[in-house]
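Okay, here we've got a single chain as structure tokens, the form predicted alone, with questions on binding and movement later.
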Amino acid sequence: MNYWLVKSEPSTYGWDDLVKEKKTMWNGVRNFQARNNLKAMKADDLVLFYHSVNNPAVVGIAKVVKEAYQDPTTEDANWVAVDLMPHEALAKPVTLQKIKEVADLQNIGLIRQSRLSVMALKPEEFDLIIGLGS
């Protein structure tokens, strides 16, 4: 199993939207590194759902339910989408500030490549963040 983090502005599409819809197509990614991460996602991989911009924090865990396919929002075959469904809300949000305070999380993409919208996490990084949200 692989672990990931996706970012979204809650005013555009937030955790509550995913919970309400029960499944979503994660599309519109137009960065090659983020696209490559989408392509690497496998069914049942777990994905941290991060609210960006206002009150940035990890708020929930989603699950990949459909692997990469052509993004229907563009005719350009370079771009893909995956389908995600909510798996579990965190008991408490894990703020960006809290993540920055943990030494073992200093090398995650969220810190080192803050503009990247889809990033891989090591299992121990994923577990650390989940632990902070318990």
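Numbering starts at 1 and runs along the sequence shown. If you're wondering where the values come from, they're calculated on a predicted model, not measured in any experiment.
Below: the form predicted in complex with the DNA, not depicted.
Heavy atoms within 4.5 Å of the DNA in the model of the complex are found in one stretch of 105-113, 41-49, 86-94, 68-76, which is 105-113. The DNA in the model of the complex comes within 4.5 Å of a heavy atom belonging to Gln33. Although the partner is absent here, Gly60 lies well away from the DNA in the model of the complex, with no heavy atom inside 4.5 Å.
With a 4.5 Å cutoff on heavy atoms, Glu9 counts as touching the DNA in the model of the complex.
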